[in-house]
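A single chain, nothing else alongside it, follows as structure tokens in the form predicted alone.
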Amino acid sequence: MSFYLAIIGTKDNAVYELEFGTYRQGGDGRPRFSADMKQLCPFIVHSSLDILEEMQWNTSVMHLKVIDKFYNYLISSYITAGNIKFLLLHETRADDVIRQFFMDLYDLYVKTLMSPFYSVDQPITSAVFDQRVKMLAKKYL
């Protein structure tokens, strides 16, 4: 099973992107997207932003669960208090696990945001952030 994570900034720019596979059921953490799907992942996620932005004004929750589908792929979302959007493209429905993953990712993002060397909407290039996101993925997904 493969996942594509995107953190989208307030100006609808990609702040962070990561493709990874599952560690469950003997997985090695490598994404198994086909070559065509690898190219489509950013487009699928960005196309769901319109749906997300419509939904965010009608609810007070941060985790909006599955907001869109593309063939057999689902897109789950989480909106932060600062209007940063976390989007996850995945194959199977696991709302509680994904919600926990998003909450820990939000905590990690807030810690990054508190750094004086980072500003909102700036791409996250930190190797430490990348490693910690991968550890969260291994823990939950």
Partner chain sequence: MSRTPRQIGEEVWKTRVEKVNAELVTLTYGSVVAQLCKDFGNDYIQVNEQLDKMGYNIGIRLIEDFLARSNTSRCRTFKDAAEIVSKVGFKIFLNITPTVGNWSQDNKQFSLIFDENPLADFVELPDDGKAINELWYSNILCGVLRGALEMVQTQVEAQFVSDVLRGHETTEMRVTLIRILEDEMPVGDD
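Note that this is a predicted model, so its numbers are computed, not measured. Numbering follows the first chain given and starts at 1.
FYI, the form predicted together with the partner chain isn't displayed, but the following is about it.
Quick check on this chain: which one of Arg32, Lys111, Lys69, Arg93 has a heavy atom within 4.5 Å of the partner chain in the model of the complex? Selected residue: Lys111.
Is it the case that Ser115, even though its partner is missing from this view, gets within 4.5 Å of the partner chain in the model of the complex, heavy atoms only? Within the cut-off, so yes.
Since only the chain is shown here, I'm wondering whether Thr10 would be in contact with the partner chain in the model of the complex (any heavy atom pair within 4.5 Å). Although the partner chain is absent here, Thr10 would stay clear of it in the model of the complex, with no heavy atoms inside 4.5 Å.
Might Thr125 be said to contact the partner chain in the model of the complex, defining contact as any heavy atom within 4.5 Å? Residue-level check for Thr125: yes, a contact with the partner chain.
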